[in-house]
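Have a look below at one chain only, the form predicted alone, in structure tokens format.
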Amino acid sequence: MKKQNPFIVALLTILAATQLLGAQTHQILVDCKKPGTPIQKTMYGIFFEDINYGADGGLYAELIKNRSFEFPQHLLGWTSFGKVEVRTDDPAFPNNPHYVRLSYPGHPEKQTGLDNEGFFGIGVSKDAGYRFSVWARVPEGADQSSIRIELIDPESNIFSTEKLTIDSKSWKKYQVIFKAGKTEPKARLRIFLTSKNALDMDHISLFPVDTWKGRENGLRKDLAQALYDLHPGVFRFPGGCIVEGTDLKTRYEWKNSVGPVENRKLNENRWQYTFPNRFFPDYFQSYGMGFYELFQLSEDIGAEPLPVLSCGLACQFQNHDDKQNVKVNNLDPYIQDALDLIEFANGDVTTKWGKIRADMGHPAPFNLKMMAVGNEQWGSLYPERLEPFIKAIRTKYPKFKIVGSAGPSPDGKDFDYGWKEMKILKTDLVDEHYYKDPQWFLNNANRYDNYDRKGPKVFAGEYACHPKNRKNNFESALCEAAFMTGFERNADVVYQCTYAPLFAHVLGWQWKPDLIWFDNMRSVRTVNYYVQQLYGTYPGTNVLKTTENMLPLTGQGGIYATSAIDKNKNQLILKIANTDSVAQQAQFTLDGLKTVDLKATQIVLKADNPDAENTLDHPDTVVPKTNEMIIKNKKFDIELAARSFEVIVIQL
């Protein structure tokens, strides 16, 4: 008998052991006998901030830039020709006093008028209807004047045209609806004076007729639909850093964002200049999509509204002088803004702010239940300002919930101090933010396992996995899916979470990654979007204890898992992420489940390439795939695909 090489024998033994280990089946136990911790209806939600042209030029469907001539450079976004004058005498709207006067150019062969570039162009679709409107008057002498409105392509070819006669010497709104003669993502709007009589114009607007819910001052339909399809439980708005402002005069003031849309004050957008390498000098906030519209959207998509208000601190990243902040004894106007917002949202129509809401078209209350005061504040400046807000709000509205902040980082001295102070002040929730690399998300899936169960609850208000290339790729989405199993498993501590940022225009972004990307005609739902959608669509009502070897699945062998029951839909929901590069076998035991031969739906999100991403040109590179299953008994075997996230919905 030939003697075997001991080295070869050892190597074969190691390989056999490795193969055996690789072939081992994960034994996962789901305790179905008794539903556990309730999962809040607000658990999975969305966060909107006007960054990356998310409002004007994005979700807000207005197609005209600088429609009221209130940008500091009053004709920014416009090209004027002939005799055009910007004026402020006897304006139509006191908060937006600038308007233009078009006058006869002095020769019948010459022209006077304006042309607007829109937001990276004006996107229009062939045969779709567009509503042009303008506030106008004939200022002197004559009884009427007239204009011609055209849509032109980048080569100045006209493909749609309409006419308007202006017949009032007082300010009056005029409008006309026309169809686009072709599809053009980078059109311009051109207006000609077609009379010898002068004409004053203000608030020049162009909206698609087909907006979300068909509203005139409406939202871009595909982007709003994408929010609805997330099935969010909470909707945080309007920021983010714009709540703070670079300085207090540019903070977001909600009272400027309600009332007649034509009279809402323009505000500077801090994301215009925050990153010099992504500088957009024409980025402002028209407030056309203000707090009323944001409350309305929250209602439309079935989410609890969560407004964020200034606490009197300007952005601490951009200000290092306490003189930039409101002194504690001067906070009364800010506190009154918070109280008035609750009245605006919930007040009877006989109240001052409730009447304003009713006059805008919503007599019924919005049922606001919570508010965040401050965004990403830290240090002693914050709790000393938050305290008087809490006292005033709880005195008038004892059941109202208040969200405090733990600062911009998920750990460290400022984070620990913030949490300590929020416990002392007894905020209802504490807002945590984390933008971290993939490994951090995997390592922190057990983050909340040992949190204090008696203190304030957690709101993960801003989070996103940032891979090296800062893309919305599959790697980042899978790591987020794995991390989010820790949200559900700790539903007694984590009450709500929102990915950030939400939107980004492909030509106008300042920050990435982002959940939904778009251009003037199209939008794409990222891989990260589908992770959020799966969690939002199948949240469950109660957690079920899910273990392997009596331990929660927080990365053992690359497996992360959680389970829930949905009492309302009579469903058992399993969520499993396999972050390993090889497929793995798992056997699930549904302990306490008596019924057999159950129908189940398996939804799988996977990609062979971790860098795979969805783009405008290839929006379906990585999308969920659905299979039907039959669960024969309380034990079933399944192969978990390499680098995959799946949701198994079992109908009980």
Ligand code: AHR
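This one's a predicted model, so the numbers in the text were calculated from it and none came from an experiment. Throughout, we count residues from 1 along the sequence that is shown.
Keep in mind the form predicted in complex with alpha-L-arabinofuranose (AHR) is missing from the figure; the text below concerns it.
This chain is drawn without alpha-L-arabinofuranose (AHR); in the predicted complex, the residue among 421, 150, 428, 462 with a heavy atom within 4.5 Å of it is 462. Out of the listed residues 335, 241, 92, 224, 241 is the one that sits within 4.5 Å of alpha-L-arabinofuranose (AHR) in the predicted complex by at least one heavy atom. alpha-L-arabinofuranose (AHR) is not drawn, but in the predicted complex it has no heavy atom within 4.5 Å of residue 98. At the 4.5 Å threshold, heavy atoms of residue 375 reach alpha-L-arabinofuranose (AHR) in the predicted complex. Proximity of residue 188 to alpha-L-arabinofuranose (AHR) in the predicted complex: non-hydrogen atoms within 4.5 Å are absent; the residue sits far from the partner. In the predicted complex, alpha-L-arabinofuranose (AHR) sits within 4.5 Å of a heavy atom belonging to residue 51.
Screening 250 to 258, 206 to 214, 495 to 503, 337 to 345 for residues having heavy atoms within 4.5 Å of alpha-L-arabinofuranose (AHR) in the predicted complex returns a single hit, 495 to 503. If you take 420 to 446 and check each residue for a heavy atom within 4.5 Å of alpha-L-arabinofuranose (AHR) in the predicted complex, you get 433, 435, in sequence order.
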